[in-house]
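In the form predicted alone, a lone chain appears below as structure tokens.
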């Protein structure tokens, strides 16, 4: 006798707060027409496609879909939705299941230099996604536990506000502006040969 659960992927999504509206979407496209992510950042962003994958039980495909990781829950789409659905709730429910399954975002999320972080909390205050907290942890070379900023990569949307607010340049996005990069560029400029201009 088989005791396997008959719960579907759609059932799992509906069981998470916000995901209960999964079947209410009529795929009219209003959400996509209002979405800044789709228009300005990622043309492949498509909540309707992701919801269809969830309904069809395409779990791995849904977890790997960029749309799963890009919704910022700004809810610009909500006011225009004829069904009055918080599509962000459905998308975040799928993201939560993806995190539980061990998937991670493809975004290059913010990182903290724990050796220079002074735990002022500015980054915590400005983060619109509540992705940053102050935690106490042992830090190499300091010899004791200290309070530093910590980024939850599953919440971070790589917007860069934390980097803009940090007075000690201790937090930022990988491959973006950094003090070290500026210094290195200056050294490269100084090491370059001088070209004499002759008339």
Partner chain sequence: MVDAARHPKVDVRTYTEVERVEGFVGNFKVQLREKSRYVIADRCNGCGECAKVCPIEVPNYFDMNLAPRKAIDVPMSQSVPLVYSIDMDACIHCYKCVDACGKLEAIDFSMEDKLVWEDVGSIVVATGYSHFDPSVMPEYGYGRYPNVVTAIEMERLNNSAGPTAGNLIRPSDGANPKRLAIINCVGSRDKRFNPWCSNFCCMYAIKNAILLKQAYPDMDITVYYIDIRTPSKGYEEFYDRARKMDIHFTQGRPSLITEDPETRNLFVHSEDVALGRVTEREYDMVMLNQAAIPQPDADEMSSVLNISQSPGGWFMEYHPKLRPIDTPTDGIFLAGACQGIKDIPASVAQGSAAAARAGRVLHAKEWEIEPVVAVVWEDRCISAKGKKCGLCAKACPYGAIEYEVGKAAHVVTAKCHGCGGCVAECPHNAITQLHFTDAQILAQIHALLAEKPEEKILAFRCNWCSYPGADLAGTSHFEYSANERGLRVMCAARMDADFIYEAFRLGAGAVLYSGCHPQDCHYITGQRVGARRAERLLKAFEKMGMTPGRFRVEWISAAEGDKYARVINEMQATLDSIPKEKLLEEIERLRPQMEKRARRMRETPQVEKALEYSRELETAMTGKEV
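Positions refer to the first chain, counted from 1. All values reported here derive from a predicted model rather than from experimental measurement.
The form predicted in complex with the partner chain exists for this protein as well; it is not shown, and the discussion that follows is about that form.
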Heavy atom of each of 28, 33 and 82 within 4.5 Å of the partner chain in the model of the complex: yes
Heavy atom of residue 48 within 4.5 Å of the partner chain in the model of the complex: yes
4.5 Å heavy atom contact, residue 24 to the partner chain in the model of the complex: yes
Partner contact for residue 170 in the model of the complex: the partner chain, 4.5 angstroms, heavy atom: no
Proximity of residue 38 to the partner chain in the model of the complex, heavy atoms at 4.5 Å: yes
Interface stretch in the model of the complex with the partner chain - options 129-137, 38-46, 154-162, 61-69, non-hydrogen atom within 4.5 Å: 38-46
